[in-house]
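First structure 1, then structure 2: two forms of the same chain, each alone, as structure tokens.
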Structure 1
Amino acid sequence: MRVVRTNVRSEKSMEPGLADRIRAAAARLFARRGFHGTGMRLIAEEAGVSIGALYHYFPSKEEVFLSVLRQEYDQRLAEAQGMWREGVSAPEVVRRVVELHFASITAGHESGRLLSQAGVGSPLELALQILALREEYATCIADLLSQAMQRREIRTAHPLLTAYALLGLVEAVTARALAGDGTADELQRVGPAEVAEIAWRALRPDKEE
């Protein structure tokens, strides 16, 4: 059951290919209903294609899920790496990445929910692949953290562990901010600043270093 990278961008035309339509539909449904709550029939209907078409572009439901997840991680990673390459300072990167996470849930994309679901409640083999994907993402973040440590922009710590800690921290708060009650609204308002503050305090170098 190897990973298959289907066309992220249609090669021939401007309009999105069927694979993209399917991925977009699946992303919405997985985020709202989870892996098991989302049937292939439902994805096909939401995407406006037949079940046969689904299986033409993706070998299995698990691959649909992984494809969606990969896309989400890639987007987030591209943003962070882009900023980093442009020379944005460490605390500023932290602040803006946190902001982006909150923005994605406020915009109703609900992709934040998708990420925090990753790896749980899934068939065993799928769970492993999801963890691998998450590891890939976390490793990239750990790389950025390592570079920042060498430049003394953030304090010295275990990079991968810190990366996971940051991910968990942000995801837990954004997940709560998606609940839809009054508290959720409040967290959406104060969340970006508060979470960035927490993250930065956890990362900043000691005063006299």
Structure 2
Amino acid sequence: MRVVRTNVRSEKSMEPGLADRIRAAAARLFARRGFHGTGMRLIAEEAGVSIGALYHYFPSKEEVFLSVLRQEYDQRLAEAQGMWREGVSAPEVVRRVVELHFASITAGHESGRLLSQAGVGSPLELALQILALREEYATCIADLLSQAMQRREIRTAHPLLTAYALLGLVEAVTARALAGDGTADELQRVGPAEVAEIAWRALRPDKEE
């Protein structure tokens, strides 16, 4: 199965764990200060690396931001792929994947929160790169859905369209659940179960009532 590309050029020569440290530091800063309020020097200081080393591995702030998003997408895809490979039932896979999306927007999961808000207020060029990254992610999800359709575990439909519909549903609800008001609190509480139920109703085989 294809996975969302990671920045191999930047990471293959890094000391173990350095890329993750930089991404974690950048995610905290982007979540607190926004894209425009975060600079490369701040990221270097937060990660505990020199500004020269940061630029050596990541040529721009945009590259760091995209690397954070790529890692989050890769982790979610790996979880979904692993569940299918282990023979987890289709409705259970849907439930767990939805729960993972909601868990990623809680405090301490800055990269997941960024994923739910990615592209909002971003420069045009970065926004286009984020859209391209989402296209890769949706295509990978469509591949998984296509395999499940062939095994007749879910209803037959257009895989890519279905992938976008499901992602749109989950991302819209999780983005609203980040607002920090009473409605957001309610969505975080009931969202995982309710969204999983809605998603499964759309995916379940025609023979299943």
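Source: prediction; values computed, not measured. Every residue number counts along structure 1's sequence, beginning with 1. We call the rigid core the largest set of C-alpha positions that still match within 1.5 Å between the two forms.
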Give me a 1 or a 2 for the form predicted on its own. 2
Note yes or no: does the Cα of residue 22 move by 2 Å or more between the two structures after the core is superposed? yes
Taking 2 Å as the cut-off, check whether the CA of residue 142 shifts that much or more between the two structures after a rigid core fit. no
Once you line up the core, how about residue 184: does its CA shift reach 2 Å between the two structures? no
Please state the CA displacement of residue 43 between the two structures in angstrom, with both forms fitted on the core. 3.0
